[in-house]
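The chain below stands alone and is given in structure tokens; this is the form predicted alone.
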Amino acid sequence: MIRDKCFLIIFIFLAAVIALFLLVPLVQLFINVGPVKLLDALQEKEVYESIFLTLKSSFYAVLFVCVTGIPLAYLLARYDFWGKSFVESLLDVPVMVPHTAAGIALLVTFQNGEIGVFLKSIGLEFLDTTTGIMAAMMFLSAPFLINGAKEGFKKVDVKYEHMARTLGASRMSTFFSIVLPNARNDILNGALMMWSRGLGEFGAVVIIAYHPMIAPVLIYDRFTNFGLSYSAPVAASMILVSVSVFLAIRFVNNRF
């Protein structure tokens, strides 16, 4: 009995340490900034435009990966094929790659390489454009959505699909009416993780698109040029907006 209590006390203490480590810096940031500076920052055109650009770019990146990554996740969850392990390992590589290195790789590929030349010919520019920002965010955060969707599809019993097919449903209608709704929560959680990860992307974005400035780049720019007091309100503003949107989406998802 005493050993059980000691075990519980130790675990509570360790859990409190990591919880405080994650929470205290955020609370301290808002305390140091204060409500007046926070509101002033949110009213600055440069600040709210950079926050909106960050939210928009990450959202569009998520939409693109929903269209292209969800089919990939379904194939990985339902089928065994030669090279499957390699594909699954490849999906996790962007998470491990240094973000500045990823930015250089994207720049070489989409700006200077043969692919870049072709994309330019059809009007797609990546250097210092919103498209470049989306590409950087997508490259480094797509695995969160794809892996989340894959795990969601694995949880859906394949018997439901077979039953729908025997009743005359096509493979496409079975996917959209049976599989996708049942995997919705995992897909949405993966999408939220991807979106959240995209909001905080800096290293790759600053290489491929310093301008127009997303919020992380603006925070860095103000910190290097004007110091902590000038960059902290922008950081607090970005955290406040992104967390508010994140919690709102979570709330709506839990309600439905």
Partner chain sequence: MLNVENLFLQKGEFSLKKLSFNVEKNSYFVILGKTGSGKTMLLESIAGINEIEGKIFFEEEEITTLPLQKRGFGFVYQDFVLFPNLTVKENIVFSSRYKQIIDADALFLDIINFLQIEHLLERKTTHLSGGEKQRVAMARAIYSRPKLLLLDEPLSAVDPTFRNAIMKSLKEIVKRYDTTIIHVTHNFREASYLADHIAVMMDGSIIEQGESNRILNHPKSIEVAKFLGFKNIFPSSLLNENTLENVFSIDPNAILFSYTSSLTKYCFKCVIEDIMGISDHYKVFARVKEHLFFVKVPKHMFAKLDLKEGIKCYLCIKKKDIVFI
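Residue numbers count along the first chain shown, from 1. No experiment lies behind these values; they were computed from the predicted model shown.
Same protein, other form: the form predicted together with the partner chain, not shown, and the subject of what follows.
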Fill in the blank from the handout: Residue within 4.5 Å of the partner chain in the model of the complex by heavy atom, from I122, L167, V93, V117, is L167
Completion exercise
From N185, T109, T130, S177: within 4.5 Å of the partner chain in the model of the complex by heavy atoms is S177
Problem - G203, H211 and T224 all contacting the partner chain in the model of the complex, non-hydrogen atom within 4.5 Å - result: no
Handout entry: Proximity of P98 to the partner chain in the model of the complex, heavy atoms at 4.5 Å
Key = no
Practice task
Report yes if any heavy atom of P181 sits within 4.5 Å of a heavy atom of the partner chain in the model of the complex; otherwise report no.
Solution key: yes
Practice task
Evaluate M163 for contact with the partner chain in the model of the complex, applying a 4.5 angstroms cut-off between non-hydrogen atoms, and reply yes or no.
Solution key: yes
Exercise for the section: Look at the stretches 109-117, 79-87, 154-162, 137-145 and give the one with heavy atoms within 4.5 Å of the partner chain in the model of the complex. Expected result: 154-162
